[in-house]
Structures are given as structure tokens and as C-alpha cells.
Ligand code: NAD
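Coming up is one lone chain in C-alpha cells, specifically the form predicted alone.
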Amino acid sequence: MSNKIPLSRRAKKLNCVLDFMKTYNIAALAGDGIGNEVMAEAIKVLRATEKKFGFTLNITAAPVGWAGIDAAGKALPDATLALCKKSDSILFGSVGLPDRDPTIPKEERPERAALLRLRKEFGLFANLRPVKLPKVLSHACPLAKERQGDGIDILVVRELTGGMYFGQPKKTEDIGGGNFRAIDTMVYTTPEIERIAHVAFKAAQLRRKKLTSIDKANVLENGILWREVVTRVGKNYPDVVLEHMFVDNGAMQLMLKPTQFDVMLCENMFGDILSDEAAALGGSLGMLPSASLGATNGNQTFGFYEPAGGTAPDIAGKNLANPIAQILSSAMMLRQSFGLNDAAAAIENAVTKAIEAGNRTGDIFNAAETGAKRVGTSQMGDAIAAGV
């Protein structure tokens, strides 16, 4: 009998050793509101994962948003941007405070001056937002159980650097008589549509092999081009079923029959709106992670990872926020940017175990649910970290 280790086992063992030796540099930008609280729990879980799997995470915090304005006079301080450029990925919280935002020019507000700038700076063109409804949280979904089917599992793929949010001209102009005209321009090019379409089709190949492309081709020139290009790209993926759907119908179908969707491909604004609508199907925005990806360099993809929810200043500092979206965003970081699939799966499984054990933050708590216990932000993080 041969004493040689089979090649597949040797390769797996080698990969484990290489992972153990790897060091990853992460910029942790918590931002405003609940950002610091949920970021702390994500880092807590990452540290537990780091210890279990043996890789090293150099996590460096830096201010952004109103925290950046207070610290350095602008939403994206020069030092914060420099840190991001030296890092392998960005783990982001959320920015913006509704009470303070109107006090500065719109161009300097955190969403434009920090969030949109980071997307453009790093070419983060592909936004992935997975929406899953755990069966034990069926009560948190606004739809009747018969509409939930065997479970809701949707991936929204959103183009992130084109469309209405970045098109020029973008301005408000005085047209006299106390009246103004606001102009936003929706612009897409063939290459922009092609590259996001490839991301979506490849994602569909790893899932249930169905892609629904969202547009408004009956009204918008952008929609016509979008549909033509996506159709052409789809011919490279014969194993994926492609359908086209107008955005208004897509919004309705998400409520009528969400289980029909696998991967939804959307331009920037449509994806922004529909992914937040879809988030409600998962029980809460506090459950929805996201990844924004740029170009791949070798085996590593630079990414920006953030929860889909906002700063929620009304509950900030009260240990009430749901940290799961931030924690699952960190799992996406391990998988998408670093290829640490086992570690990412460990975090995702730990989230599932914590939920199945009855742990509930206020947004997903139902007093009538048997075995459920209301916990705070840090307690939910503790439960997940313990389950890694």
C-alpha cells in the first residue's frame, strides 16, 4: 500500500498552510450612527475566525462620514483614503446623519463626498446583495407564508459606477421667477453593461442558473441598450436561463412571488431601489450584507463591504442595532476578496446557529415566537463569535 498522500488531499493541506501564513490588511471605516457598534461585533467575529483558521488580519480603523468631518474637516479625510489605498479591502459601516447633513453643502455630505467617491476611486462597479430568509424568521417577512414558498434566496447584482448617480451633467439651475430646474443624466456604455452582465451570469452559474435582467426598455434609451447588450452577453452562458423584466413589474413580482427570482441584474438606480425592497423579504435591513467589487488582480479582488442599512441614529449607542448584516459583510469579504471560503462559511453557519438558538435583536424579535429571546448588539455578536 502506498504511503503517498493523494494529490487532492496534498493540495488541500498546502492551501491550509498557505492560508495560515497569509496576512490581509483591512481598512475598517465604521462611520456614523450605529456604525461603531456593529463594526465592533464584526471585528469580534473576525478575530474568532482568525484564531480558528490561522490567518492574520491587520485591521486598522479610520474615520469617515461625519466622524471624518469632525476629525479632519471632510467626510473622506486624506489619511483615511491613504489607508484604503494601502489595504486589501475596506470594511465599511454607514455614513450620514439626517439632522446634520443639511448644515453643509450637498457636495460635501458623506454619501457623496465619501461613499460615492470611494466607489469611483476604486472602480467598484459590481454590487452583490444576497437576500435570504431563514425559515425560523418567516414571521419577520411581511409576506404571507404561502408567498414565501420553500424559502427566499435572491442575489441582486447592481451596477455601481454608472447610470443616474454618476452621469453628467448633474446640477440645479435657476430658470428665473423663483423657479429652478434640477438635472440628472442617466448614461451607460456598452463596456459598462457587458462587465456587470458577466458578473451576474457567472454568479447565476453557481446558483440556480436563472438570471432576470431589469430595465425600462419601453421608455428609456438606456433600457434598450441594456437589454440588447445583456442578451448578447447571455449567449456566452447557454446554461443560464435569461429573462427580461421591466423594473415596475419587477418591484411588483418581488411582492407577489419572490421565489421566482434567483439572480436579478440591475442598473445602478433600479438596483438601489429593488435591493432595499428585497431586503424587507429577508426580515430586516439589519440582515442584509453587501459586497462592492472592483477589478481582480491575480487571485485577489479589491472589495468594499458594508451592510445595506443606514446609520439609524435614533438607536445609536443603545445596544439595539442588529450586527448581522455587518458580520455577514465581513464573511463576504473573506470569500470574495481573500478566497477564504471555509472561514466565510464558518461565519455564515455561526449566524445561522445563533438565530436558530433563538437570539433576536429588536428588529427581528416577535414576542409570540416560542424560544425567542431579545438580545442586544453585543450579545448577538458574542453568540455568533462563539459559534464560529
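A residue's number is simply how far along the shown sequence it sits, counting from 1. The structure displayed is predicted, hence computed values, not measured ones.
Quick note: we don't show the form predicted in complex with the named molecule, though the next part is all about it.
Sole residue of Gly309, Gly282, Gly303, Gly271 within 4.5 Å of the named molecule in the predicted bound form, by heavy atom: Contact with the named molecule in the predicted bound form is made by Gly309 alone.
Contact assignment for the named molecule in the predicted bound form, among Glu192, Asp153, Asp88, Glu111, heavy atom within 4.5 Å: The residue in contact is Glu111.
Quick one: Gly162, Gly167 and Glu267 and the named molecule in the predicted bound form, is every residue within 4.5 Å by at least one heavy atom? No: no residue has a heavy atom within 4.5 Å of the partner.
Though only this chain appears here, would Gly286 touch the named molecule in the predicted bound form if you measure heavy atom gaps against 4.5 Å? Flag for Gly286 set to yes.
Wondering, does Gly317 line up within 4.5 Å of the named molecule in the predicted bound form on heavy atoms? Outside the cut-off, so no.
Does any heavy atom of Val240 come within 4.5 Å of a heavy atom of the named molecule in the predicted bound form? No, Val240 stays farther than 4.5 Å from the named molecule in the predicted bound form.
Gly149, heavy atom within 4.5 angstroms of the named molecule in the predicted bound form: Heavy-atom contact with the named molecule at 4.5 Å: absent for Gly149.
In the predicted bound form, which of 217-225, 96-104, 243-251, 258-266 comes within 4.5 Å of the named molecule (heavy atoms)? Stretch 96-104 is the one.
Within 4.5 Å of the named molecule in the predicted bound form, counting any non-hydrogen atom, which residues from 322-355 show up? Contacting residue: only Asn322.
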